[in-house]
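Heads up, what comes next is one protein chain in two forms, each shown on its own as structure tokens, labelled structure 1 and structure 2.
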Structure 1
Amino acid sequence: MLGINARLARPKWLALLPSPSLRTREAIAAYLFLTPFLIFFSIFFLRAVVKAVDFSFYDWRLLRRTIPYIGFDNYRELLDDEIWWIALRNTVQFAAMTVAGTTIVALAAAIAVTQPIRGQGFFRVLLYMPSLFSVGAVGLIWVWLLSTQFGVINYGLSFFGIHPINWLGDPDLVLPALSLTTIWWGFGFPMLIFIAGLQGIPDHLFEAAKIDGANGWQIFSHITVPLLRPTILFVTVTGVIAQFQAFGQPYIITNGGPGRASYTVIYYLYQMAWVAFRMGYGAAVAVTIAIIIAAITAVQFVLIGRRVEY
């Protein structure tokens, strides 16, 4: 008891004020705990979001003195900009291919390493390895693998009588090539999520199915997939959001080319704001991208709201 009294002792200069109740003290402590976070959050997030919307109504170019207000003109220009639509179409295609590929590879890998086999841990560690690489290293490695003249991939295909393919120079092939690179790089994380999801499915369900004589495919399609539905949904939707923000692959591997065949929306944002120095227009691009991604996230919340009962 003595200890509490000692702790609760208030400085003398406060003695004239009424003693705050325990509840008030708790609230004051809580706000003190929150203050550092909220200060940073307000400056670098809230303020920035408000400013971004504000900037998008100005024709702000870094190298020009005047900053005229132009209303919705940036957005009108965006809707009329052919390159924006190319970038958006590329991004949707890239995200769709990458997420589909990643989900399939990750789920297959997760099922394989959760079988009662030797070397489970070893395979997990190995398969997750590329996810640790920076997009810089991934890009440098794959540019060369995909090279038309000296690339090992074309060499491998030559054994099947396939002539050298210009992966990064053909507008129709560049997105699939970047997508393959990204699947290699990124399937490890969804694999770990799937492993955790698979371990959450009670064993007795698999055993019951086996006793009833179900084969591997039946177990997969009638037990694994339905019960993993929330996990699959989580992986695909967060995957789409992540791939929608792809930047490093076009920046490092293709410079958006050939032509504009591998422009993504974030690469377009980079070009507008930091190559052309058009901050106002860039802000309009960023706000538009944010709205699209927020819409995808909202869909995720609606879909994932439905939980699965075992």
Structure 2
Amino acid sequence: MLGINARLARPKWLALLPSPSLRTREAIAAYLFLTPFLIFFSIFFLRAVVKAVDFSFYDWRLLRRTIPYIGFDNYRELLDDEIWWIALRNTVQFAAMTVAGTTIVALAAAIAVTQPIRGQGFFRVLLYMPSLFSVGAVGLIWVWLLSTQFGVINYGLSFFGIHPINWLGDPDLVLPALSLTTIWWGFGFPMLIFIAGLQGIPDHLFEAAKIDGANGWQIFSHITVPLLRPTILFVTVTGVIAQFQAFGQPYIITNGGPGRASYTVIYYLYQMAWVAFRMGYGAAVAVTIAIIIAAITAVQFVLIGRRVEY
């Protein structure tokens, strides 16, 4: 028994070391729980990123045996490519309209379904349901809805004396049409985030404002919006990242047309890498898109994040 106790006793040299604090132990436990994800992330994400950056310096084409090193020539060609700038301009416009519209619609829907009304859960499920559809189903639905011949939207406008609108064939209307499609499809998840944010605001703040005589708009602008800034920051940052990667909508609904009016940067990447088989150039496009998204995200944190109070 004495031998067992001696083996289990703490060595004297270990007693000289300072015992870790509670915060250090919690940090160690957190990193241990994160280890499987970090391993997965390193193998399947970081390795892919490094490979993409490496491939962007080569003229790698699937139908060519040799892969010559060309340095920054892919990036120079990209900067001089008029189609790339058209796709980038379209993507910025599409992302701006879609993120702004999704944020507004999601916040309005969240406020509506957090009111004490009957069937609150039913309306939440109903509003969230479009988010469960695949991009293929959404694309086919909206091709029918926006059709100039038998579309429901143009049929409804005809009651107001408005002639059929060529939503998907007019270069000036195709991006707003795709943005409308994406807002309808994607506002469900931000709505849930806003619901969580609204439920985290203490009720006594609203009660105190009502006692002081504040109206609904004053409560919304001086209490709800300021306390939802962390949520708004999250929704806008993730929204910009998602919309800069939009591909399914232009691919299924418009095929990038009319002309190149609905080209997005990811659709352009698809054309270069999987239609023209220019993998090296496609890798340069992908790296450039990642840099642009990172820069826009940093600007969002600077402009919105500095006003956030957690």
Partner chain sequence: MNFIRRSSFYKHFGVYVFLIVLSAFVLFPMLIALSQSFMTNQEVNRWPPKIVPTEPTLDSYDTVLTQQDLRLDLWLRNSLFAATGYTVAVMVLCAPAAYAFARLRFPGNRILFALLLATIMVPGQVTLIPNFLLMRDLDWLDTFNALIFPGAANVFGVFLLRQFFMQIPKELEEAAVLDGASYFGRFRHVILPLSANALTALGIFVFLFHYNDLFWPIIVTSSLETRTLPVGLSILNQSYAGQYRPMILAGATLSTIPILIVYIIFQRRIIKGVTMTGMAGR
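Residue numbering: sequential along structure 1, first residue numbered 1. Keep in mind it's a predicted model, so treat the numbers as computed, not measured. Rigid core: the largest C-alpha set superposing within 1.5 Å between the two forms.
J.: Name the structure that matches the description of the form predicted on its own.
T.: The chain shown as structure 2 is the form predicted on its own.
J.: Does Thr35 shift between structure 1 and structure 2 by 2 angstroms or more at the C-alpha, the core having been superposed?
T.: Comparing the forms between structure 1 and structure 2, which are aligned on their rigid core, Thr35 does shift its C-alpha by 2 Å or more.
J.: Kindly check if the Cα atom of Phe277 is displaced 2 angstroms or more between structure 1 and structure 2 relative to the superposed rigid core.
T.: Not so; Phe277 is displaced by less than 2 Å.
J.: Phe44: with the rigid core matched between structure 1 and structure 2, does its Cα shift 2 Å or more?
T.: Comparing the forms between structure 1 and structure 2, which are aligned on their rigid core, Phe44 does shift its C-alpha by 2 Å or more.
J.: In Å, how far apart are the CA positions of Glu26 between structure 1 and structure 2 with the rigid core superposed?
T.: Residue shift at the C-alpha: 14.5 Å.
J.: Cα shift of Thr297 between structure 1 and structure 2 after core superposition, in Å?
T.: Spelling it out: core superposed, C-alpha of Thr297 shifted, distance 3.2 Å.
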